[in-house]
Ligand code: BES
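One chain follows as structure tokens, the form predicted on its own.
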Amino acid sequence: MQFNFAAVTAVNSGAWVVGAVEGTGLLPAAAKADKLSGGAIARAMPLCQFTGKSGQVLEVLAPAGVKASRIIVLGLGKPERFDTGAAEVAAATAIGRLKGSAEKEITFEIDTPKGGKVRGAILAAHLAVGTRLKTYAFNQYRTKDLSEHESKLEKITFLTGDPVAARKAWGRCEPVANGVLLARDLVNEPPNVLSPVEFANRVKALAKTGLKVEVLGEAQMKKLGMGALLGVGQGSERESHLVVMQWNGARKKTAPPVAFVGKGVCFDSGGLSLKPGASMMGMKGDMGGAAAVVGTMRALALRKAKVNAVGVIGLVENMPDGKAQRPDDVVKSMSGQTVEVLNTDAEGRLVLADALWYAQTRFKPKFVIDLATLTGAILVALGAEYAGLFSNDDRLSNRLIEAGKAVGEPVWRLPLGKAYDKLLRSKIADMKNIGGQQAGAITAAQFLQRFVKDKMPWVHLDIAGVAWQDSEQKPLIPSWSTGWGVRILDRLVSDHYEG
């Protein structure tokens, strides 16, 4: 699909997308389209009850006096609320409108409403972001009826007063959008294809972007003492891996990096604490945290971020087998702490325990953020709208909260405290891996905090509610996998840690 940024000109083919705002009506490009079509838009507005509210769409097919095949008028909402996120959603709405059509070309001519928060080249770039995210499709395994699932669009043009600046802005945004799509691809892959070995191989292929990639096998992890991670994977025929990605883009190559750690359970059966059949469906996505870390690291590399960054992902399968970990087993983690495993379906925290310790011990980062589809309890607390945030550092937490607001990946901070730690007391080991029926997301975070070194700023993001969508699709997400996490992490780095 071809993306173009061009100076404002006449639209001579394909769909022509213009905008209107709530209260003041048609923006200049829409008014121009209305005049050329002999007032067709103005006549249609009251009949369609179109007022410019956010999400509204007015479509005029084959309008007389216009060479475009159709005019699509997007409601942009109240002018003061029109920002980068609203621009992305508007573009996605237009793309969604054309789903199933034979349209091959679309031209956006969206003006900044008076009082709007985004304009010019930045507006054009974020219209492109919304388009890229909405046109994503995962059709690798379809063999029939492809016409129902594949977009016919071949050329998308964004008209702007400064095409050069728009292309430059898109050059900054495109790697991040593509990082999101990579994360979606990984999560959407079926588990018979994306084993820990295959996942590691795909990450190794990213070395061409400038990332330094290392893959540790089971023998290496055993020497490091990663009994917690290895215990999870011992019931699988497929080897577990720890994958390390490094990007050294800061001026001072020896400066401490920022560190991201991801849970990569490529399929989670629950192990011997076997999940019910219905709960097992979708567990190919239990590596959503690892996918987000990979997408983020690729984005940082491709946009040449001026930061040192490291990504560490633990890749395992949690399967039932004669060799599988048993409830009541005790494992020793890389940190030296022992864990009584009372439920083998609370496995992600065991993977993260060793991955977190490794990242801190080897790289001594500025901070460490882990991402994991960790608990069903976070869904009960926050649903599918917010990721849960747990942290020992207010400044890092606040920066993530602001980054999430800016890119449409919101997080909600939940508490930690010594009182919850009591729920993890084991009768025979340093801790147990579950805390009981209450406060499940919190006790999981309390468990992880035991593997965070003193004075290390740390955030745990429980993304079990946002890594995929089983219900109504969100405007920018046309697939089951969301790719959640890439945008918030990239924005955090961009706003605070580059230089």
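Everything numeric in this text was worked out from a predicted model, so none of it was measured. Start at 1 with the first residue shown and count on from there.
The next section is about a form of this same protein that is not shown, the form predicted together with this ligand.
My question is simply whether residue 226 lines the interface with this ligand in the model of the complex - judged by any non-hydrogen atom within 4.5 Å. No, no contact at 4.5 Å.
(request) Answer for residue 184 alone: is it within 4.5 Å of this ligand in the model of the complex, judged on heavy atom distances? (result) The answer is no: residue 184 has no heavy atom within 4.5 Å of this ligand.
Does this ligand come within 4.5 Å of any heavy atom of residue 309 in the model of the complex? Because no heavy atom of residue 309 falls inside 4.5 Å of this ligand in the model of the complex, the answer is no.
Does any heavy atom of residue 160 come within 4.5 Å of a heavy atom of this ligand in the model of the complex? Residue-level check for residue 160: no, no contact with this ligand.
Query raised in the report: Can you pick the stretch from 327 to 335, 231 to 239, 275 to 283, 87 to 95 whose heavy atoms fall within 4.5 Å of this ligand in the model of the complex?
Result: The contacting stretch is 275 to 283.
- Tell me whether 349, 373 and 377, taken together, all sit within 4.5 Å of this ligand in the model of the complex, counting heavy atoms only. The answer is yes; 349, 373 and 377 each reach this ligand.
Going by heavy atom distances of 4.5 angstroms or less, which of 459, 452, 464, 33 would be at the interface with this ligand in the model of the complex? The option sitting close enough to the partner is 464.
Just one of 402, 198, 345, 393 has a heavy atom within 4.5 angstroms of this ligand in the model of the complex, so which one?
Going through each option in turn, the one that passes is 345.
query: Considering only 229 to 268, what residues come within 4.5 Å of this ligand in the model of the complex, judged by heavy atoms?
result: Contacting residues: 263, 268.
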